[in-house]
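The chain that follows stands alone, in the form predicted on its own, written as structure tokens.
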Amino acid sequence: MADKYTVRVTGKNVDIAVGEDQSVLDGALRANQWLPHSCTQGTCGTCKLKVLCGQVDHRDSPEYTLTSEERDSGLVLACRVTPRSDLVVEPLGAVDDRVPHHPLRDHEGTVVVLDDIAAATRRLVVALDEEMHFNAGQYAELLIPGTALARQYSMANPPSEARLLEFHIKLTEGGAATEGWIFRSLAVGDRISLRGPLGQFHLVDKVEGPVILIGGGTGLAPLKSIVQHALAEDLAPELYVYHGGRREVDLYDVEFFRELDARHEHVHYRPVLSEQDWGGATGMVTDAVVADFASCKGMSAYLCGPPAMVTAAVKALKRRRMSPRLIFKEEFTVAPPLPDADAAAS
């Protein structure tokens, strides 16, 4: 049995047991002790901690996320680092975001839906053996069979559907998870392993002002979860949903959102295409938002998609006077290259 060490996080009054082959973040989340994190694959740096006491193994922490100077100063990536002794660590961000969280757990399930829904995009629905409780907007890690790899995909279903998880998955050329598995051999009826929930992108509490949700490609997935949850719990007075794609074949769930738009006076759906003239909005999705609102003061926003789109959306919303503290974002980053030079997953 692997050794376990005690990790004390400053700001928390508990000791967390973490195995020698387990990341500090994994140990904390399984103990339902929340720590700031986002990508869980070492690419974003959100989970950085400072080691105040003890020895660690940085494992495969990327140099571009955690420089040698940062390592020398005691900084680590909680999602990568494993303990080599008892530790005392200090998060760089707050350890209590005043949001109810759910412990990280391992799950098994059966594939019940695997459909092509847009260009090189599939809807995967997994019926879990046991419920996974999560906050609207969070994600899970799917474990790639026959490997030690896991890849992250946001839940598109609302938290009320805790046994039936929906994922939207875009094909990545050479991707270990997509080209190598989900688009190659995965089939309805297959068993699948995953773990979750993860991430700090979510809508939990009631908000006073209108909410703008901007998704690029499969960045629509967590927004779909958030919209359904917000409607069920009456969390927002207005919901403006923007979905950006290059061409019409890139859009999906159009009828689903149009039906919500027609049924709910406070839901407004607008798909936007950047490379095709059609009957709807054209140009960059962020340009459509700027054109629709003279001011976004008092509003909040949820942004999800490629980093370039998220960055452009943040700038556009700030120009329209939205408070930066009310802009929440989830960037879809590419997984780090594999040691054997196989391509990264989605």
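Heads up: residue numbers just count along the shown sequence, starting at 1. Only a predicted model underlies this, so the values are computations on that prediction, with no experimental measurement involved.
Although not depicted, the form predicted together with a small molecule is the subject of the following passage.
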E173 within 4.5 Å of the small molecule in the predicted bound form, heavy atoms: yes
So in the predicted bound form, does any heavy atom of C296 sit within 4.5 Å of the small molecule? no
At the 4.5 Å heavy atom threshold, is E331 in contact with the small molecule in the predicted bound form? yes
Is Y139 close enough to the small molecule in the predicted bound form to count, meaning some heavy atom within 4.5 Å? yes
Quick one: of V267, M132, I169, L87, which gets a non-hydrogen atom within 4.5 angstroms of the small molecule in the predicted bound form? I169
With the small molecule left out of view, which of L165, A221, I212, L203 would have a heavy atom within 4.5 Å of it in the predicted bound form? A221
I need the one stretch from 241 to 249, 109 to 117, 147 to 155, 270 to 278 whose residues put non-hydrogen atoms within 4.5 angstroms of the small molecule in the predicted bound form. 147 to 155
